[in-house]
Structure formats: structure tokens, C-alpha cells
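Shown here is one chain on its own, the form predicted on its own, set out as C-alpha cells.
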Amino acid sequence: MFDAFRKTLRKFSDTVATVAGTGVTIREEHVDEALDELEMSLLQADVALDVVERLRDALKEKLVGTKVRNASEIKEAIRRALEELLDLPAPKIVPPPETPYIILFVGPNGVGKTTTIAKIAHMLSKMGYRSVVSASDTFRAGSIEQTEEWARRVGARVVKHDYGADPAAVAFDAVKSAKARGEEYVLIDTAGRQETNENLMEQLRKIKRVVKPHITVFVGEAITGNALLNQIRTFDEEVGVDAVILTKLDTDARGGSAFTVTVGAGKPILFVGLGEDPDDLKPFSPKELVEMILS
């Protein structure tokens, strides 16, 4: 995982070390050549041009003026710069600031929203909190049964209606039920949709109007590549996105997805999915991710 990105950043740090030397203050001309090579490598790794340009500018801003005594200090300066780019303020969902705390999950088809919701319910259960899952995907055949099966596995309760029902009505009933039972979290599953489907986007907007979720979380695949940026931006424009969960990060060989989210879309990453088991969801750590990339 991250092989391409790791090689690119190692080459970048080596180039800066070679050009700048040691015992100097890094100047703009020291990083320009290295940034040119970094830019080309990232574009070849399917990182969006907009993200590459912002990453380039941000690295230059953070590195120029840094005093270094040796090559290892150059690499440490790059490490710190990357961590800062990934470390955006994220909503705190634990403990719940209000009860019930309502989280709306949105995203394209097939990215693992239902599985991710089950993982979050499992995580919350281990911390002593109860969750009710709103089966608001009433569009896709088999979706309600899938939600019920995952909820059964992690010990969460499900509120559902029949297929074809109004997704906002399901969400409303889930919130009402959670309040009556004193459950701490309502996790709203929704139909996977392409960002160009206006009818399904309107359903999301209606859910937000009806239940007023505390946060809206976009769930996307780390392996999506260049398209991930457009997906997040479109969902943000249509319904508003507060944070992102990246699934399949364990299969992201190129390694640019996290920077696409934070640098390109300007959204914090809440969690990352690293497998299919209920425990395979981890809080996002910029420090750990940069360590994985650079190690």
C-alpha cells in the first residue's frame, strides 16, 4: 500500500537534500526542481491536478525558510508538512454532545456505506453507547435486509419501512424512536447515488430538512482516484458535507486519496476503513498515515 506515493516522496526529499545541501536554510530554488518531479509523479498516480497544485504550494510554503543541518532534518521537515496538511479540525462524535446524536451518511453506489455504518455502531457499542440504524435506503433491492444483517452482527437496532417508502419518513421515525428509548446515536443509511441523480439528491436534502442531522458524512473509496474530488465537491454543494470516511484504504497503492480529501476538498477525515471485519475501522491519524507512507 502507498508504494507509488512513498517512492515519490522519498525522491522528493532526496532531491531537496541534494539541491539544498546541509547546514542551510531551505530556499525556494532548493525545492522547485523537486516539486516539479513530485507534481509529475502525483499526476501519474491519478491525483487531481487541483490537488497536486495545492499540495505543491503548501509544501513550498511550509518548507521554504526551514533551517536544516542534515538530510534527516529535511525528511523530518517534509514529514511535519505532510502531517499538517492532513490534520484538519474534525467533528467530535464521542461522547455525543447531544442525545440522540444524528449522523447522516451519503455517498456514491458501492462504496461501503452500510458496512461502514455497522462498523461505527460496533465501535460505539464497545464504548457503551447504543445506536439505532435508519434503513433509509428504500431504493435498492436487498438494501434493507443487508442493513438488518449487519446490525444484527454488531448488536444495533434497525428502524425500517417497506421498499419505496419515503427515506425521510424512515429517518424521522428512527429519531423519534431513539428519543423514546434514550439511545445515544441515530445512524442514517441512504441509497448510494451518483452525484448527477437529481431526484435522489433531493431525497437527501429532504432528510436533512426533516431530521436536521448534527453532521453529514461522505463515505468514499480510497481507490477512486481523480474522481473522488469531484464526488465530494458535488455532494457538498448539493447537501453539505462535514467530514469524510475513506473505505478500502488498505488497497490504495497510490496513496494520494487522503490528500485529495484534505488538501483538495478541504474536508477532515473521521475514519478509515482497512478491511471487512467490524473492527476494521480506525480513527484517522495524520501522524500514523504519514508514517505508513514514508516508512
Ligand code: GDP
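If you're wondering where the values come from, they're calculated on a predicted model, not measured in any experiment. Numbering starts at 1 and runs along the sequence shown.
This next part talks about the form predicted together with guanosine-5'-diphosphate, which is not shown.
*Asks:* May I ask whether 114, 140 and 276 each come within 4.5 Å of guanosine-5'-diphosphate in the model of the complex, counting any non-hydrogen atom?
*Replies:* Affirmative, all three are within 4.5 Å.
*Asks:* Sort through 108, 167, 100, 213 and report the residue having a heavy atom within 4.5 Å of guanosine-5'-diphosphate in the model of the complex.
*Replies:* So the residue touching guanosine-5'-diphosphate in the model of the complex, by this definition, is 108.
*Asks:* Which of 250, 33, 236, 53 has a heavy atom within 4.5 Å of guanosine-5'-diphosphate in the model of the complex?
*Replies:* Checked against the cut-off, the match is 250.
*Asks:* Exactly one stretch in 123-131, 140-148, 201-209, 76-84 has heavy atoms within 4.5 Å of guanosine-5'-diphosphate in the model of the complex; which is it?
*Replies:* Result of the contact check: 140-148.
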